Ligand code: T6T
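A lone chain, given as structure tokens: the form predicted on its own.
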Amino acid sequence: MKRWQIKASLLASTFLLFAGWNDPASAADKKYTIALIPGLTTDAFYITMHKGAQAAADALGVNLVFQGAPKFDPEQQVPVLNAVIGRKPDAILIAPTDKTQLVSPLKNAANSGIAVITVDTFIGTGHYQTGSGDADFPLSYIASDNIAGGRIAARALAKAIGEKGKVYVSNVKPNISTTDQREEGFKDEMKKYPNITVLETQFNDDDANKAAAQFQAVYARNSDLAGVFGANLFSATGAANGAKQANAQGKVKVVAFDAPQSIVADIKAGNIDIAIAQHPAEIGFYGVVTAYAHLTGQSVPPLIGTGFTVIDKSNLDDPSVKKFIYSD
């Protein structure tokens, strides 16, 4: 935690220095409130994001509010967002659960004078401050490069299956910005491997049991199935369970996107072969610092990217890798 606090203070100082801030004491005259609205409150990814955001908030003297819904669902997220807007925070950091359905309520927040920054997921195209379109009004989008993450997953899976065979993507549902992009990056990268066939995507509605049943159905039709890319955790764990039930564990390689604590046992047991870990603490940390910089009169970049770490049995116990496994 101290490392995050030092980093937050240094980064905030850097923002002020390069912006030519002349009166740093004035930044301390107001106690800013920043609200973080996650995609859902119970997922280790967002719990870890919250920890990074809280560390930055503590270092910068910001009041952080963490409020969300228990399910990744726009129908549940919009009422939470409206309630947060009613509390009139200075800024909102939000992981929108739909690219289009969150545009209008977030525009209401912006029109009421609340700074809006999206984290992890985005609205519209994710290209902000362009002066075009009805969803370019957020100040910044802070996230992993999900297209790049999908490419990393494709390369890892291609290597694991000897660059030949049939694979498919187990995904949540269309119109979720992050998982759409992961699938896009994965499929585009797989075009580089002529001996790999990408089958039709299976959408599971974030239901691991449905993902397991889909695996068994795909495997029944394709006994030479070689691999699955789970575009989020439930997609991957569901596919892995389906592989176990179909006696295909080990034969069919499974790549998971995201790395909560539970992934450790799955990798050690051979249920999941590879996990692509995002850096959610960095996303939360940069979100708070970016909001703070804006609130204290600084310009901020419209896009901030964070990295990935590829985890498998060979490096799972490496301390430099283990630190990227999400808290729960």
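Since this is a predicted model, take the numbers as computed values, not measurements. Don't overthink the numbering: it's just position in the shown sequence, from 1.
A second form of this protein, the form predicted together with the ligand, is not displayed here; the remarks below concern that form.
J.: Verify the flagged residues Gln54, Ile94 and Tyr286 against the ligand in the model of the complex: is each one within 4.5 Å by a non-hydrogen atom?
T.: The answer is no: none of the three residues contacts the partner (heavy atom, 4.5 Å cut-off).
J.: With heavy atoms only and a cut-off of 4.5 Å, decide whether Tyr292 touches the ligand in the model of the complex.
T.: No.
J.: Should Thr118 be counted as a contact of the ligand in the model of the complex, where contact means heavy atoms within 4.5 Å?
T.: So Thr118 does not count as contacting the ligand.
J.: Taking any heavy atom pair closer than or equal to 4.5 Å as contact, tell me whether Asp266 reaches the ligand in the model of the complex.
T.: Asp266: no contact with the ligand in the model of the complex.
J.: Is Tyr128 a contact residue for the ligand in the model of the complex, using a 4.5 Å heavy atom cut-off?
T.: No - in the model of the complex, heavy atoms of Tyr128 and the ligand never come within 4.5 Å of each other.
J.: Where, among 208 to 216, 227 to 235, 248 to 256, 156 to 164, do residues come within 4.5 Å of the ligand in the model of the complex by heavy atom distance?
T.: Within 4.5 Å of the partner lies stretch 227 to 235.
J.: Using the arrangement in the model of the complex, list in sequence order the residues of 42 to 76 with any heavy atom within 4.5 angstroms of the ligand.
T.: The stretch touches the partner through Asp43, Phe45, Tyr46, Phe72.
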